[in-house]
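Following this are structure 1 and structure 2, which are two forms of one protein chain, each written alone as structure tokens.
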Structure 1
Amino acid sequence: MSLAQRIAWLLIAVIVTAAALASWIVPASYDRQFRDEIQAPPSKAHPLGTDELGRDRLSRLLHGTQVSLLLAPAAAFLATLLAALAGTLAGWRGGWLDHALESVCDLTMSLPWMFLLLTVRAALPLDVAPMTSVAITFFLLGALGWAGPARVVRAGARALRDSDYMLMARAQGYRGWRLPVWHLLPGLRPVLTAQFWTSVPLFILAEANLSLLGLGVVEPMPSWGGLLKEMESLPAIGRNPWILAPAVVLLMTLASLYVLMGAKEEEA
């Protein structure tokens, strides 16, 4: 294992542990408002300072990490899974099915899904638990984000379908659904992993944007997306650079994942 990989593992381990142990290691609950210490700079009591409502930033960061690390990959996984299924099916079966899926992709990519999200919000009761509403958000994002990747997967599946090793698999007597599932999907793994990792940060950010529609993470629950949105008041960052902490953590997580993923691919 190279040094970079060691560092990557270490970082991931630290971030995951810190998030998992958030409730124990932070000085205060993420929603506790220290109203006399608003926008406080980092101190012993609040290592990353406090936010506009006097809430401990470190606590919010770690709890937000919990939410985002759990749900964004889940959404990315869902999207990738759907893309894999649709793409493989289209690329594998070809013919009218391919044609139909192509059309559905085209449709999916051009419809104003925002309104569906709004409709879902309207259908939900207003007082659903914050976590439920976040989970629903991510689920919807995942369920809607498959079309673009599906096209890519389809192209890959096409190429693989005609490859020698698929022929081998056929020669070995595989047939029916086993063929695409056991032989095509593994072949598509690089495409799918790439897809997966690219979409994780996109989902994190999409969640932040959805808060605007009332479908994201709601007060007082934190999430990376919501914390990243604080960066929108740029001049404030100049004076309180610790606002960047969530971005740094996200970047470290992503960078580590890239390094580890790269290593995995080289092995493969």
Structure 2
Amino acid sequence: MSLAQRIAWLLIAVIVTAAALASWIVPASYDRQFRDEIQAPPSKAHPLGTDELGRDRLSRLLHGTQVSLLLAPAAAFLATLLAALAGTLAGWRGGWLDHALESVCDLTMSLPWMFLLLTVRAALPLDVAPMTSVAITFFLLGALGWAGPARVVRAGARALRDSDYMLMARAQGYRGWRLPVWHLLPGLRPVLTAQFWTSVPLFILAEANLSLLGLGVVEPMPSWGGLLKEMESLPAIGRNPWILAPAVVLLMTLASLYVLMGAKEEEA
């Protein structure tokens, strides 16, 4: 393992551990308001200060990291699951089903993905409960992010459909749904794993963009995108440089994931 990979694993471990221990590290809830300490600078009680509503920035950062790091893998799992179902079925069956999936994937991928997310999210109710907004964001990312992985899975299924071990399975009497489920899908496991890990950083950025625009996770629940809104004012950054902490954590997480993904591709 290279030095860059060790550093990447260490950063991911530190970020995930800090997020998991958020309530222990900062006892104050992410939505508690300290009304006598509005926009307070960093102190022993508030290591990253407080925001314009008097809420502890470190508490909101750690709980926002929980939301974003749980949301992105969940959405990636949903997208990979949909891609596995659609891609395997199309690649296995072929014919009109294969052509139909190819057309749907081409149409979906021809549209700007972020524009598609914004359009669908804006069409849904905006005044929703925080947990409902998390569920909506998770579902949108997963439901709209399946097309690219589905094409890769479809190509893998077509390549394996007539492979030697599939012919051997047919010769042994396997028929119907048992062939794709018990023999084809296990052969696609490396493809599905790669698509999952490729989707995670993409969904982290997509969630951050949606929340930054006010169409993702809603207040008072924090997420990386919502926390980045404070950086819209350059003078505010100059006066309070500690508000850059969410951007730093986001960049470290994405950089670490890309380093680890690159290492996996080299191994493959």
Partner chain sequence: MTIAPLVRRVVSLPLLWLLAGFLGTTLIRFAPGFAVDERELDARLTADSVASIRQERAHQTNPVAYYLSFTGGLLSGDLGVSRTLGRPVRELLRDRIPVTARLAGWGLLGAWGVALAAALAPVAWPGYGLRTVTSLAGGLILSIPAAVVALIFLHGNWPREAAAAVVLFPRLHNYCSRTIDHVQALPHVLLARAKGARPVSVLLRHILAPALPQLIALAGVSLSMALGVCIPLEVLCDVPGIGQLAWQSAMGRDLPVLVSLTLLTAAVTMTANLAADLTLFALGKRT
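Residue indices: 1-based, along structure 1. By rigid core we mean the largest C-alpha set that fits within 1.5 Å across both forms. Note that the structure is a prediction, hence the values are computed from the model and not measured.
- Source of structure 2: the form predicted alone.
- The two forms, fitted on the rigid core, differ between the two structures by 2 Å or more at the CA of residue 72.
- Residue 30 shows a C-alpha shift below 2 Å between the two structures [criterion: core-superposed Cα displacement of 2 Å].
- For residue 199, a C-alpha deviation of 2 angstroms or more is recorded between the two structures after rigid-core alignment.
- Here the two forms are laid over each other by their core, and the C-alpha of residue 104 is off by 3.9 Å between the two structures.
- In the rigid-core superposition between the two structures, residue position residue 156 carries a C-alpha shift of 9.6 Å.
- Look at residue 83: with the core superposed, its C-alpha moves 5.8 Å between the two structures.
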